[in-house]
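Take a look at this single chain, the form predicted on its own, given in structure tokens.
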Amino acid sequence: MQATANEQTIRTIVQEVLTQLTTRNGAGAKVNGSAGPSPDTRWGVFNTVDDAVEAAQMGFEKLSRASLEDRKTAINIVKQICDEQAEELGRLEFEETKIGRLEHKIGKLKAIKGVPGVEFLRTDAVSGSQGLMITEYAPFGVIGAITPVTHSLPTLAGNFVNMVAAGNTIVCNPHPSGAKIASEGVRRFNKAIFAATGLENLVTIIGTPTIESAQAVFDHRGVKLLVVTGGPAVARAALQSPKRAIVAGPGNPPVVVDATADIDNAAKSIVAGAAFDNSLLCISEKEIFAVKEIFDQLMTAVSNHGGFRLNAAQVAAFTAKAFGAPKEPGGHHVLNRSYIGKDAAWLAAQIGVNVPSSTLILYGETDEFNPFVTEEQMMPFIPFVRANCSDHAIALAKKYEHGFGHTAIIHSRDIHTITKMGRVMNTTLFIQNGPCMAGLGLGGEGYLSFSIATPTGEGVTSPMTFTRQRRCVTVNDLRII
């Protein structure tokens, strides 16, 4: 009954705070004997990195003195706001970024409740004839986070749950195209958390982010750890920082379909994963390598699950619209960014093809050199490449994953082929016989995270990712047995 009472208390506080958000200049209430924030408070939204870091440092110092129950309360508030306000916040994000699918923006926020919190923390102990040693996992302090436009508020909220569970506070430099919704989330989180616990500025944010403000976060002495989720350029910048960085970099997930696969399940899974938020997910199915024995059967099955097949001429026309020629010989094709995250019907219309508005993805046969195979694109067009055999398909998957070590998917009933691909690919996520989302606990086992650190090796992040080890040794005492 106590847990239910606590949940009801949090629910009441959140509802009260959300009804007050339109009056952001009102004086703060007194909680736990402390004066509320000043009348001009922005609830964690700052103009400068120095101010944001200073506030987050003060927040960290207060969090360090708070109880574990206060951490739990703060995390539960964020999860509850994301769940109960998902439709409003998801629509705000969709209207600001203008990419993806509204229903999936909402779904990602509701999924925040699956991100692990303080329950993932642990203490290790070793006892022996010379006494007792315990290893505790302590916070870093203020973490500098860079978040992407593809999942602006979900990434921030997911990071909040993980990082605050570990005892840290956060300074966020969001992608400029998703800064408004990220800032709105920060205001709501901070205001509700303060009302419930008296804790302030567990997360702060740069309201008008720039490349310069991102670099200032990287360089700031008060930032103890960097966590970066984004494309190749921001990942490279983080890796060049002298600070420790946890980097969730790019992916180009391949899918192998062999002759033993359940073709209908493979088609259904490919469409579900590739269509989710119009392929904005870094884990989503980007290119398919299917063996020739089942290739045509698979292509037909994809049409049965919401795909629209483009013929060779239409594929060529669409490719020319979606990509420009490389700027230098042997360089990357230039992605038409106005196509990112658009609906399949909108994309088809750009080449004069009318498809039902319910179409989930466009797809077509290509060779392995088509830019849709070689480049990480974020739109619901999926290239299908005909492979001679499963070994050939795996070799192509290895080649075009580009060594990112991010995500790979296979549809097969042959355990030998599955094992071979898993060893060859050596990716952080390896999914068999399901859509990409199953790799993050959505339709499969495991837990959710919006930061998958492949370049730096931490993998699917959790609260333990954002801790440092602290060893305490007692010599010749405290060993009872």
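In this text, residue numbers run from 1 along the sequence as written. Note that the structure is predicted; figures quoted are calculated from it, not measured.
Only in words, not in the display: the form predicted in complex with nicotinamide-adenine-dinucleotide, which the text now covers.
- With nicotinamide-adenine-dinucleotide left out of view, the stretch that reaches within 4.5 Å of it through heavy atoms in the predicted complex is, among 179-187, 295-303, 367-375, 245-253, 245-253.
- At a distance threshold of 4.5 angstroms between non-hydrogen atoms, residue 313 is out of contact with nicotinamide-adenine-dinucleotide in the predicted complex.
- For the chain shown alone, residue 146 is a contact residue for nicotinamide-adenine-dinucleotide in the predicted complex, at least one non-hydrogen atom being within 4.5 angstroms.
- nicotinamide-adenine-dinucleotide is not drawn, but in the predicted complex it has no heavy atom within 4.5 Å of residue 139.
- Taking the partner from the other structure, nicotinamide-adenine-dinucleotide in the predicted complex has a heavy atom within 4.5 Å of a heavy atom of residue 337.
- Residue-level contacts in the predicted complex: of 86, 259, 237, 226, one residue has a heavy atom within 4.5 Å of nicotinamide-adenine-dinucleotide, and it is 237.
- The partner is absent here; in the predicted complex, the one residue of 197, 269, 162, 173 having a heavy atom within 4.5 Å of nicotinamide-adenine-dinucleotide is 173.
- Contacts between 225-244 and nicotinamide-adenine-dinucleotide, taken as any heavy atom within 4.5 Å in the predicted complex, involve 229, 230, 231, 232, 233, 234, 237.
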